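Quick heads-up: it's one chain on its own, the form predicted on its own, in structure tokens.
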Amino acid sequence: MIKVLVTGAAGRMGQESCRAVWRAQDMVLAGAVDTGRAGEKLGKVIGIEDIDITIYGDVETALKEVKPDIMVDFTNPDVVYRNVKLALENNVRPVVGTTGMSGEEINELRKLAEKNGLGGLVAPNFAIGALLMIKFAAMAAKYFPNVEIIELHHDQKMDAPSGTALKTAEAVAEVRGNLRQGLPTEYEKIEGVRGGEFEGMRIHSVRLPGYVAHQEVIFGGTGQTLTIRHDSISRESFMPGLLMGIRKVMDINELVYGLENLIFE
């Protein structure tokens, strides 16, 4: 059985993760961390009264006392790097859904994982459909190099653009390189209205109540357009990929960026 500790357990993704791990036949929900709900019973927080786990307020204490195999992190960009570093230093394999870490931070964590011989996963998106969207976008970029990305999330998301949008842009850029798009003399009447720029392509972020996680990748060609879209209607959409990631990480000895690198082999 895989012992799992969930950090950010009282958040929306954390709660869903706790429920999924609790129901998985090959896993044990061994502990939970949430600084805002420390001392409360996890079962009451997530609506499963059979779970008799008291929520920790401190990640390091939880790692040392619970001694899990896996730490699932759905916290926020301000603390995720420290949490993952603590996990690796305590011989615990991290599975991270929190976005916002820099490339430099991820590289540092890769080195630490390699030094300690531990597997780990940093995944901007656990939805299998979203990973296929990125894969299809990279395929399309060979034939449609002009592209813009629109990502739409709930209004409580802290970082923009989303990790999925950045992963998509990186995958497209690997195929088509840096390509300056559009009219060279265009200008913005309102600053930022054309979105952020990455390797010549534009990324637009929408934040509104009612959304969960959605993305369109729009390609333009001569006399035609191609749109690839993925919609996560509920946070349950991320759970099959999360559980798959937990299982895969137990069999590797390196930190991997992107679930697709573990499932599309």
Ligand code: NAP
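On a predicted model such as this, the values are computed, not experimentally measured, just so you know. Throughout, we count residues from 1 along the sequence that is shown.
Keep in mind that the form predicted in complex with this ligand is not shown, yet the notes after this line are about it.
- For this ligand in the predicted bound form, the listed stretch (165-173, 87-95, 190-198, 116-124) containing residues with heavy atoms inside 4.5 Å is 116-124.
- At the 4.5 Å threshold, heavy atoms of A62 stay clear of this ligand in the predicted bound form, well away from it.
- In the predicted bound form, none of the heavy atoms of I70 sits within 4.5 Å of a heavy atom of this ligand.
- None of the heavy atoms of V256 is located within 4.5 Å of this ligand in the predicted bound form.
- Proximity of K157 to this ligand in the predicted bound form: non-hydrogen atoms within 4.5 Å are present.
- Residue-level contacts in the predicted bound form: of L29, V217, L42, V33, one residue has a heavy atom within 4.5 Å of this ligand, and it is V33.
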